[in-house]
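A single chain, nothing else alongside it, follows as structure tokens in the form predicted on its own.
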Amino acid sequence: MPPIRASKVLALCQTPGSVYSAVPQPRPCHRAFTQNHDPAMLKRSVQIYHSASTDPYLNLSIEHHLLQRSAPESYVLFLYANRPCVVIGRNQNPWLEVNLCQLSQGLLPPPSPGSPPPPHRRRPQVVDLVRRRSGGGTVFHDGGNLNWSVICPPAAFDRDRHAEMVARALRGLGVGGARVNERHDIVVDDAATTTTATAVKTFKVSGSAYKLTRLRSLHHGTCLLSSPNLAHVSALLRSPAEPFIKARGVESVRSAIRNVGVGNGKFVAAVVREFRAMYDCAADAEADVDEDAARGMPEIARGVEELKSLEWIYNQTPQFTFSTHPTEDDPRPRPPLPETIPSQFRCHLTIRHGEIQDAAIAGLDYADDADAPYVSQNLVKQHLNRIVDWREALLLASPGQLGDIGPVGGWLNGMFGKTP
């Protein structure tokens, strides 16, 4: 009998209406997880799921579905990779954490070996902005960055337990310096020997975030395997507005990063092997996500819609202030403003849930100084992400004529990620 090809494995494993079934990969056929919450899978004590989708909104919604629907005492492993995206934590501030202008421009794909096309002929890759439901800091995802998620009972939750699982998997693949540090991140110690001494430099290769509920606990993390975009991560995750913003939310802690140089398939197999060893997983308790069926589930579809909404991405931001100059609450020295901006210009904004609650704009070139208070008043209640062009916003907020608003409006556009 000839060997079964991957396409046949797919046909054999497909179950009508199932969300989790085999993807066309040459590996053993796994039990399908049906759209009707198949109790044979979701109620198992140990479950493993793989997603071939690269949609971050879908993968996070599937993960949330598993968190809510898997048996309370079960242990679940979910593995996936996303297309290029920046993922912020539940309580983070996108204007503080992300260079939104850089993000809107996308990423130039790395040149192909051989005869790469000139840069002007390479189309930028779209980079999504995602706010996840768990806490933690901001991370960059792409196809060379594998995401792992473990869901377990609260009594079994430990911030290091499953990070150690992944670190063991990496060490088993030859990444000898992989360990979990005091921040519960997975790092690699790289010893560089010079003529005079040996210096050890530590690189972060995997960060973690958590979501704890009364019945379930979620620990998910990333692992930098072979990302071609590491050179762009710093620019994407450095907001030009950072020196001017005082935020109440969680701020990210920056670390040196690197790839571990392991293929996605080998990493997935190693993590699954460690997870199986920890929880004595049955051979048939592994399934692959049927993307179309998952999108057809109302609960998951609602999750995708929520995560993609501007209200979720921007208006979930905790209160923060933006000030061009030191204030009593935020006395930090500020960088000098561009020379094209009038020296008397001042801007102070208080924003809560993405809405401007208070504004104080001074130093613009008013035709009538009596118009000055109206600009500030008319900005209140506007949503920051809905302002398309600050030049237009300032002109509309003023009841009278304004002088050249270009330099001020253009600078504010850069601060808040507007590229009109």
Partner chain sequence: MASIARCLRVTRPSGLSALVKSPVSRVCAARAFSATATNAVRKYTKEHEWIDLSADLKTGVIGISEYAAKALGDVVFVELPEEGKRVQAGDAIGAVESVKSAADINAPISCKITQVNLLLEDKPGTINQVPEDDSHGGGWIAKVQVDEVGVKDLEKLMDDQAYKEFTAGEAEEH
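Residue numbers count along the first chain shown, from 1. All values derive from a computational prediction rather than experimental measurement.
Keep in mind that the form predicted in complex with its partner chain is not shown, yet the notes after this line are about it.
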Residue within 4.5 Å of its partner chain in the model of the complex by heavy atom, from G143, P342, P109, G135, is G135
With its partner chain left out of view, which of R238, R332, R171, R183 would have a heavy atom within 4.5 Å of it in the model of the complex? R183
I need the one stretch from 221-229, 89-97, 297-305, 256-264 whose residues put non-hydrogen atoms within 4.5 angstroms of its partner chain in the model of the complex. 89-97
Each of R44, F203 and E274 near its partner chain in the model of the complex, meaning some heavy atom within 4.5 Å? no
For G176, is any heavy atom within 4.5 Å of its partner chain in the model of the complex, or not? no
Please check if R159 has a heavy atom lying within 4.5 Å of any heavy atom of its partner chain in the model of the complex. yes
Residue contact check: P318 to its partner chain in the model of the complex, 4.5 Å heavy atom: yes
Give a yes or no for R391: in the model of the complex, does one of its heavy atoms lie within 4.5 Å of a heavy atom belonging to its partner chain? no
Taking its partner chain as it sits in the model of the complex, which residues of 212-248 have a non-hydrogen atom within 4.5 Å of it? Please list them. L212, T213, R214, L215, S217, R248
